[in-house]
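Just one chain is shown here, as structure tokens, and it is the form predicted alone.
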């Protein structure tokens, strides 16, 4: 009797749930995702009205970009904004990381600090501008402080939650082997939470950029956020588009750098099963 050869299981396609996708396919879909909104923007700018004040075309925005670069020192505005966001973000991370470890590890610290942090994080950062100007002044420190206020409290709570997700079995195993409290925090809890903590930093970096325009309300005379606000007063809609797009592009580059660092630091998380 003739035996049937076993059939090979079909490989799941890219539209299956969490199906595999090559890098070429990924970037192909990413390109489509970027070009479709651009096409819709171009159609909208030519179908609705001829007045570019309400909806400038992509070509108008590109011309404004060139003019800003040639006449208004675009690179200086970009660098000062990058400096303000990075400084505020790093200050938040340096303080939030140890606090998040303590809140996520020790219940008394959680009871003392988590309700207070939850309470403050719902306060709008823009409401602190008068106090920041009164306490710090109107120099660069005040702009960095606004970005810090906008990111720090959310970052603390997210990091504490990352620490709480460390399996209790790992901690109990370390205790059984005689590890001290500091060794458990450094070598078990922190090491296990590091991938999630880096993801939290990536997410909160995006929040830091959203507070840039708010921060540059404080007596600024340079920066992308300041230029957007100035263009609003003169109805320079094309310049507003340029500023928003540049902030988005810079944020995208930083996000990809975080993703690259995550892959390099934790390559075992990306191994295909």
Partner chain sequence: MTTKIEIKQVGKVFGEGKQAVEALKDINLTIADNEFVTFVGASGCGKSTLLRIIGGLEYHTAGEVLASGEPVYGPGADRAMVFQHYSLYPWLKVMENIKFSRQLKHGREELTSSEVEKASGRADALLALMGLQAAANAYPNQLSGGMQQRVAIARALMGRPEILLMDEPFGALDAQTREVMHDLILHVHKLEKATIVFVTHDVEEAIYLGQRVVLMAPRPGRIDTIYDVPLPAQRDQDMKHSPEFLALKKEILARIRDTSGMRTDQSMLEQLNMEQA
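What you are looking at is a predicted structure, and each value in this text was computed from that prediction instead of being measured. Numbering follows the first chain given and starts at 1.
Below: the form predicted together with the partner chain, not depicted.
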Find out whether any non-hydrogen atom of residue 172 is located within 4.5 angstroms of the partner chain in the predicted bound form, and reply yes or no. yes
Taking any heavy atom pair closer than or equal to 4.5 Å as contact, tell me whether residue 94 reaches the partner chain in the predicted bound form. no
Check residue 178 for me: does it contact the partner chain in the predicted bound form (non-hydrogen atoms, 4.5 angstroms)? yes
Is there any non-hydrogen atom of residue 188 lying within 4.5 Å of the partner chain in the predicted bound form? yes
When the partner chain is placed as it is in the predicted bound form, are 75, 77 and 130 each within 4.5 Å of it, taking any non-hydrogen atom of the residue? no
Taking 4.5 Å between heavy atoms as the contact cutoff, choose which of 124, 167, 115, 137 touches the partner chain in the predicted bound form. 167
Among the candidate residues 142, 110, 192, 154, which is the single one with a non-hydrogen atom no more than 4.5 Å from the partner chain in the predicted bound form? 192
Just one of 180-188, 81-89, 99-107, 155-163 has residues with a heavy atom within 4.5 Å of the partner chain in the predicted bound form, so point it out. 180-188
